[in-house]
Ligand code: GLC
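Have a look below at one chain only, the form predicted on its own, in structure tokens format.
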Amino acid sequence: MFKGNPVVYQIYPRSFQDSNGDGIGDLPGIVERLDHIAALGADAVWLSPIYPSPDADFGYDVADHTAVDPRYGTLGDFDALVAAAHDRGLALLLDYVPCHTSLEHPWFREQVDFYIRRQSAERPNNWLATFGGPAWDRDPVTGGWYLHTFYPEQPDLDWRNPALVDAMQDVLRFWRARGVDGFRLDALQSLLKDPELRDDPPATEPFPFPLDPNYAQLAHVHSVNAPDIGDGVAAIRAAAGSDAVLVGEVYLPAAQRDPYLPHLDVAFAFELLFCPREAGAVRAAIESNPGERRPGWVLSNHDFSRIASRWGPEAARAAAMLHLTLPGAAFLFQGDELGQPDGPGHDPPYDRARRDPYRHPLAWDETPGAGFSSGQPWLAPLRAPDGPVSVQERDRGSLLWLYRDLIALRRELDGPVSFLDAPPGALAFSRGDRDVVAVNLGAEPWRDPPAGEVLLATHEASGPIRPLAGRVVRS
């Protein structure tokens, strides 16, 4: 299914397009806007969770794995979306949340052995929750403890229980039967834990990705990423089928993702997401994720600050060129193609982890509702510096058109990355024998950039490459 260097467009359904005026995006709204994604040249769409949920973690606390939240539509609406995506040549990926459910999922009371529970006077161990605080809470009904790697409203499933594995495999088969082409696997490093529930030791060195300060106090050698975790991922693959696309969100550095790879098509390469705007750091992030690690490159998503805010809006074009000229899969978060920055969020925050600023609806046009909703949007749509979709669509020099051109050019690039000499602050790498990507992340012009036929430029196509600009040239 995923051949070549696919481009996957992430939709945050709540913020993509509202079709009924309630201020919340929905499945019929996504159908209305699929042509935008097809025009970009994307290969697939990934939907963040659409399941019924009390929204303790905005859909990642699933209350029913085989239904659609009524705010987003119906199963019939979902079937129509699958058909519409396939008509446009787009694969459709669902977010599959394997490690936990909502406390309101019927299983929590009806299938108590589906969860990691212990009866004891004290907490079973010292494990911490990702968002801070102890990872064990008391169940007021049973009096025992249940594990939650994330919020207390998200009890962890026990993937060492064969009956639970069967039930979660049935979920995959249900959606595959409805035409789903694959799944993004949420928080996969949490799938299996130490069966002996041993304490995590104190951390002796910093984790390379952002962590809650409380959670970062421990080295999570027992609470996540068990040595046999590949068995759990294999069970997901067995149910999804060999032809399904499986994308792993494995929140671990590249070298620790290897046990997952035999069963995945793609694993997110988080090194680039958390990379500063500095040539040496970018090169190190790329070099840590060679092709055999099946990297899925991502610069923004619903959990972390957008690239236009992290690197600055003036670097949006250079970032796009870096992102879309790398081999492997590229994941675009809705609005990045417009240069959408972080927004103000909501006061008080809807999301306890304060991720609202990354989840604002994008602006489709210049009307009061920005084309997103005829009602009051749950968060205000954000207009990017170059304008909404309708404005950038008419401007052949806009960032939107650069994304389209880069994705089209991406089909022509072949071969692994091989870095070339470049001045301080700049990056140059070849793709195969004939194409070179040159991006200047420094403060001074690159006065003697690689020569050749300019296939695409973020700014000027000749002369020095200005700071925060780039070119792709063919020798």
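Quick note: we count residues from 1 along the sequence shown, nothing fancier. Please read all numbers here as calculations on a predicted model, not as lab measurements.
There is another form of this protein, the form predicted in complex with the named molecule, and it is not shown here; the text below is about that form.
Q: Does the 4.5 Å heavy atom contact test between A187 and the named molecule in the predicted complex come out positive?
A: Residue-level check for A187: yes, a contact with the named molecule.
Q: Considering non-hydrogen atoms and a 4.5 Å limit, does the named molecule approach R294 in the predicted complex?
A: Output for R294 is no: heavy atoms all beyond 4.5 Å of the named molecule.
Q: In the predicted complex, is there a heavy atom of the named molecule that lies within 4.5 Å of any heavy atom of Y51, even though the partner is absent here?
A: Result no; Y51 lies far from the named molecule in the predicted complex.
Q: Does H100 reach the named molecule in the predicted complex if we count a contact as any heavy atom within 4.5 Å?
A: Judged by the heavy-atom cut-off of 4.5 Å, H100 is in contact with the named molecule in the predicted complex.
Q: If the cut-off is 4.5 angstroms on heavy atoms, which of these, F131, F207, F274, F174, is the one near the named molecule in the predicted complex?
A: By the 4.5 Å heavy-atom cutoff, the listed residue in contact is F131.
Q: Quick one: of R310, H302, R117, H220, which gets a non-hydrogen atom within 4.5 angstroms of the named molecule in the predicted complex?
A: Selected residue: H302.
Q: Sort through 410-418, 445-453, 426-434, 52-60 and report the only stretch with a non-hydrogen atom within 4.5 Å of the named molecule in the predicted complex.
A: So the stretch in question is 52-60.
Q: What residues of 216-237, in sequence order, lie within 4.5 Å of the named molecule in the predicted complex by heavy atom?
A: Stretch hits: zero.
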